[in-house]
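Here's a solo chain for you in structure tokens, the form predicted alone.
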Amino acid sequence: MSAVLDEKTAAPRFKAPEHSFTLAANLGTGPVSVEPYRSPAYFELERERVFRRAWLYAGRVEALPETHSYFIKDLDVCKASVLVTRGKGERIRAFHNVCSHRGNLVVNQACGKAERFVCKYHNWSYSSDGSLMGIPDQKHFFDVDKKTCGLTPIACEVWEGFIFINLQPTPEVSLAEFLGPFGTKYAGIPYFNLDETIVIEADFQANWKLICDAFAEPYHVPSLHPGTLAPGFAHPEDNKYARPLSAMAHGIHRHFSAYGNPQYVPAPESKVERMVYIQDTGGVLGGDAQGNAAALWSHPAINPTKDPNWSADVTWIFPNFNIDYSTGGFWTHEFWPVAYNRTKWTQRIYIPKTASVRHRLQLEHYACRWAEVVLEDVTNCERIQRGLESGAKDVMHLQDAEMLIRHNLHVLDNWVKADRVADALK
């Protein structure tokens, strides 16, 4: 615990952990190279050695609500279009969205429900289990074996409702092995508020890791978010620089717990926020508390030090997927590389259906505040890319609260150098 009682108010006061998160994670402390952020050659290594070998997040199971539901996941970094389906027997499968006839993309609608998929080029058709169903004018082909001409399967596994895929023809490790201690520690977390989703998407002229880094540390909160996050996530006396409550590595993955100012209340001039505010630490991230905080709080992986000044946990599943938890539920980030200096980013915020007018107003305010916060976060990234590509600096200096960034660069380096995934996981 890192709280002590204020004798005047009996409110818990924050006392920063005395140990170093960086040293506890067995990481170095020197400057780190910026080449992974600006090198096209390094990006090609990432493409082949990381994204073509790691398990990658594709979507939630709720995106496949019924038998024969499907969605398309385009992976620009691997130049792949992936068809994810729920077929007979409720089994979730993934396939390359490529016709066996001439290589055309078979499905061109982002999502839907279909018992069979028909390539528009020559009407070759496939079932939701990927098998080839029909070939028009088959008699004029030459010994085509329909059994070997189905859609090419992609390894697909589900963890806690999150669908992951692996583009290796035969994955070197299972999803459970890939997730390692993270998958064990974060199992059993309740995922509520799945009714509706707020989706924020953007395309940036910046390296994908710069966008990841924007959500990986709280050190920037007082300076970059003075009017939005800082009042709830920092304290002018107890935690001026938004020092995290905890930060640690879980194998190749990682997390930090963010501080929440227990004395936060909306400013008098913030009349709308005062109308909808729910008293929980952090203030702006409690989209719909309604008892969810207790369910999250009781899980040992969430806020692992059980600090009373907790507001949110940021988890980063290597290489490019975040699941973040707060009092009101959870939200996710996907950081998809397109080129060494271009990234597609998607944030999904899961919210419940509204139960009243006040509830609707609260969620609308929640969404607007989120938009403010993330715009402050990501608009900075293209400027950083320009700065790094100028060649003015060859290294950057990371402080202890930025441990997640240092850990990611360390893991990334292992992956681009390792010939076997088993070695990359060490």
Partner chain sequence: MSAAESSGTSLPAGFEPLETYVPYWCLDTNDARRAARSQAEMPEIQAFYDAIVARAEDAIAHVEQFELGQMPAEAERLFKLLLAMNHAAIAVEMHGAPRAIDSNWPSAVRISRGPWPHGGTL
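None of these values were measured; they are calculated from a predicted model. Numbering follows the first chain given and starts at 1.
Below: the form predicted together with its partner chain, not depicted.
Peer 1: Among 25-33, 393-401, 48-56, 356-364, mark the stretch whose residues have heavy atoms within 4.5 Å of its partner chain in the model of the complex.
Peer 2: Partner-contacting stretch among the options: 356-364.
Peer 1: Within 4.5 Å of its partner chain in the model of the complex: all of Thr67, Ala110 and Trp208, by heavy atom?
Peer 2: Looking in the model of the complex, the three residues Thr67, Ala110 and Trp208 all stay beyond 4.5 Å of its partner chain (heavy atoms).
Peer 1: Taking 4.5 Å between heavy atoms as the contact cutoff, choose which of Asn104, Gln263, Gln168, Ser270 touches its partner chain in the model of the complex.
Peer 2: Contact check passes for Ser270.
Peer 1: In the model of the complex, does Val314 have a heavy atom within 4.5 Å of its partner chain?
Peer 2: Heavy-atom contact with its partner chain at 4.5 Å: absent for Val314.
Peer 1: Is there a non-hydrogen atom of Phe204 within 4.5 angstroms of a non-hydrogen atom of its partner chain in the model of the complex?
Peer 2: Output for Phe204 is yes: heavy atoms within 4.5 Å of its partner chain.
Peer 1: With heavy atoms only and a cut-off of 4.5 Å, decide whether Ala295 touches its partner chain in the model of the complex.
Peer 2: The answer is no: Ala295 has no heavy atom within 4.5 Å of its partner chain.
Peer 1: Quick one: does Glu376 come within 4.5 Å of its partner chain in the model of the complex, counting heavy atoms only?
Peer 2: It does: once its partner chain is placed as it appears in the model of the complex, Glu376 has a heavy atom within 4.5 Å of it.
Peer 1: Are there residues in 58-74 with a heavy atom within 4.5 Å of its partner chain in the model of the complex, and which are they, in order?
Peer 2: The stretch 58-74, when checked against its partner chain in the model of the complex, contributes no residue at the 4.5 Å heavy-atom cut-off.
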